[in-house]
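Just the one chain here, laid out as structure tokens, in the form predicted on its own.
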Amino acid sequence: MRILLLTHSFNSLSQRLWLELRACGHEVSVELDIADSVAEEAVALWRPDVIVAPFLKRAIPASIWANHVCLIVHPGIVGDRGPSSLDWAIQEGVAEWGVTVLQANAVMDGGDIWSAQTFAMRPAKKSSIYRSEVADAAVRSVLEALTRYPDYVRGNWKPTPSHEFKSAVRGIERPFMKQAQRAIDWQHDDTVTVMRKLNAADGCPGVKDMLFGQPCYLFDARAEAGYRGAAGEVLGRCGNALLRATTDGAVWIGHAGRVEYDPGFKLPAAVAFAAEAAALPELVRAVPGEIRYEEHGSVGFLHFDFYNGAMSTDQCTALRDAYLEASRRPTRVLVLMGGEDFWSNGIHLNRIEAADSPADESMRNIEAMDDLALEILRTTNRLTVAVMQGNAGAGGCFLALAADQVWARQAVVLNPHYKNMGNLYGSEYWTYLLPSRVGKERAQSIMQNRLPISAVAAVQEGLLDACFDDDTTAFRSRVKRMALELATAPDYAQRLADKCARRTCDEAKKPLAEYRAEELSEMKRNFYGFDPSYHYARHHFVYKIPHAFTPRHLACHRESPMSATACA
């Protein structure tokens, strides 16, 4: 079928659906929902059989839904309505939630139901649940709905009105959740309540609050049972996180947005309030921090869970130090686990935006990323594995390729390119790593096309070594088992010898220092040159400024309206 994805932004859910639909053989084009007239034009150009709307912030106009099948992907159970669906579910601590695919009509979220899926909720950030459980359920629901389309056209099937749909749990209409309903009462809210409020607002919009007498938005919280204090008091810091007391414990606040900057401009909490945080005592966390290491037999596992996958200069340096320390341990395999939600998305654009000189900080950050990648590439005394539990983008993708093997969950989406960030050239030794896996011609295609790649497709073309259709728990168990098998494999010594021989041969052909120098020469032009595209793109990204038009590499209908090959 010809399908138009109509979406507010090409976010994680939109990308996942785009990949899944194309894998099923559909012709898919994307239009960002900027204005009714623009959406109408896109429909006229593409002439879709079905319009799928995975992420909208406003209603589809009647001029479209009255004449075309428009399937809304709503992140709520049957009967749920409203723009803050997932927020309410998390804040109220429901045990089960879901995704409903319904047909657009005059009633917002009130159309007939084509498909519905449910899932068990877990205590986690909204952004994490959205990228995982919601995305998985959305894919199942949309694919199921599309299988019913031929019968719908022939008149052999029709969607079920919401009030007639049989379901074990039903939702209700909810209003937009305002900050007054998210507000934390530090004098009365216990840790569970505070965590639910912060998790429900994570990603966007955050919880409006006060720190050190100044208004701000709070994000990225973790419960802490090891400290107590006067409710609401900031007790201390650990790294860039601040510890704040609740009525029965405390929570670590990882990130904050100063109101004078913008609610969307998040920084590590101790960076956003640098002067105030400097006067606080340094504490030891009972909960895991950003970087932790564990060993099982002859395998070391290095975890690095950076918020939204962004890696600042300091974080890159800290991870490099941790990697070097892990490399001195008596293990045979070192597994780089990344975080549960992201492997890595490369340099930290928010920290760069906040720097006195964004150009200088960009250069420091990319140098630190390169230093980390170099240590992985130069590791010759053991085998290394990069494990993608979550999505990866830009330099984060190539950091993973520095390992000997890369394993991923099947649901992972990769964006192994830089050009969307103002034609950024990129570094992390990509000019060495990418062609060695997929060939020079395909490497250039990947970098120029600027499109997401599924884990399945990445394995098929050699970008990744393996992917598995597991949930996160089963995947971690599988990784542990596979890593232990790798460490004890009869051909381990031969594999290690072959690795060292390849590295020696490659270095003789062209030293890594030469690749790095060439890449950084291009990056300096991006950071300091006459073309300000990178700085504009970074600013728009950090401040969440919506696109003024749909990028042409997504809007196939604007290149060749009736060409099936445009989106093949």
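In this text, residue numbers run from 1 along the sequence as written. Please read these numbers as outputs of a predicted model, since none were measured by experiment.
What follows is about the form predicted in complex with a small molecule, which we do not show.
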Specify the contacting stretch among 373 to 381, 356 to 364, 111 to 119, 411 to 419, defined as having any heavy atom within 4.5 Å of the small molecule in the predicted bound form. 411 to 419
Between 553, 22, 547, 544, only one gets a heavy atom within 4.5 angstroms of the small molecule in the predicted bound form; which residue is that? 544
The small molecule in the predicted bound form has a heavy atom of only one listed residue within 4.5 Å, and of 216, 424, 463, 387 that residue is 424
With the partner left out here, if you bring back the small molecule in the predicted bound form, are 74, 103 and 160 all within 4.5 Å of it by some heavy atom? no
Although the small molecule is absent from this view, report whether residue 203 comes within 4.5 Å of it in the predicted bound form, heavy atoms only. yes
Consider residue 246 of the chain shown here, and say whether it contacts the small molecule in the predicted bound form, taking contact as heavy atoms within 4.5 Å. no
May I ask you to check whether residue 181 falls inside a 4.5 Å heavy atom distance of the small molecule in the predicted bound form? no
Is there a heavy atom of residue 191 no more than 4.5 Å from a heavy atom of the small molecule in the predicted bound form? no
